[in-house]
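The chain below stands alone and is given as structure tokens, in the form predicted alone.
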């Protein structure tokens, strides 16, 4: 492995056993994410993208190949946010956000609440500290979950379709919040998404996976200036990148 890679997977194979049959899920995947880089994984449903995140997080082991994180063990160093926000319904928004600091940074709850409260306004959550998750909109819940994830202070964060349940308008807004959070905290991020526009808007590089068993069929750099406003989606460079990624997904890139 070359020096300087925050997160790297090399020659990853993974097969699951379903009853009496084998289900090959990943077949020789190589990918890297440099320190502070935002990397996207896109591909057909069932191609192994979420499996790849679990392997990167150390929640599962590959059948063959290796995952290396900053040349050191990964235990506790990587955060994983699933599709659902997973906010605890019995805790206020502030206490849900502070949980990332309590668990990730081992911070005492009073100190964690002070630090979390200071970030609420930047995430459009000012005035909702005492609100419970059931009273918040989907977009606010996701922003709270994202803030909790980044406040945990993990050097790398894995996001598995975190905005997939949102409507298109709310999703576009939260994408801007997510980019702003990443620019503020600068972790290494690997994002799984089915949304090509989302991948281009958020990522520095995008890996395109084939159908199962998943393997990387393309690696595309996104050379667009940051921060990226909503208007960037209609820029010629954005449209060209989208056309290229769609061709790769169709298999005629």
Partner chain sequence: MARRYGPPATVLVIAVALWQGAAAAFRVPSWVLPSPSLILSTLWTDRALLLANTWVTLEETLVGFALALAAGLGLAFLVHWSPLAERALWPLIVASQTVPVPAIAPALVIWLGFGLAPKVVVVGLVCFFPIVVATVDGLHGVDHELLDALRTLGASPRRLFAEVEWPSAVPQVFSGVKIAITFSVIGAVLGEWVGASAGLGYTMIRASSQLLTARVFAAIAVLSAAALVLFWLTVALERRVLHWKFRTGGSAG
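The shown structure was predicted, so the numbers you read here are calculated from the model rather than taken from an experiment. Residue numbers count along the first chain shown, from 1.
Below, we turn to the form predicted together with its partner chain, even though it does not appear here.
Within this chain, residue 79 lines the site of its partner chain in the predicted bound form, having a heavy atom no more than 4.5 Å away. Heavy atoms of residue 224 never reach within 4.5 Å of its partner chain in the predicted bound form, leaving it off the interface. At a distance threshold of 4.5 angstroms between non-hydrogen atoms, residue 171 is out of contact with its partner chain in the predicted bound form. Looking at residue 196, you'd find every heavy atom of it more than 4.5 angstroms from its partner chain in the predicted bound form. Of the listed positions (163, 120, 136, 181), a single one reaches within 4.5 angstroms of its partner chain by any non-hydrogen atom in the predicted bound form, namely 136. Contact check for 186, 219 and 242: none of the three has a heavy atom within 4.5 Å of its partner chain in the predicted bound form. Proximity to its partner chain in the predicted bound form, taken as heavy atoms within 4.5 Å, picks out 56 to 64 from the listed stretches 201 to 209, 23 to 31, 37 to 45, 56 to 64. In the predicted bound form, its partner chain lies beyond 4.5 angstroms of every heavy atom of every residue of 202 to 225.
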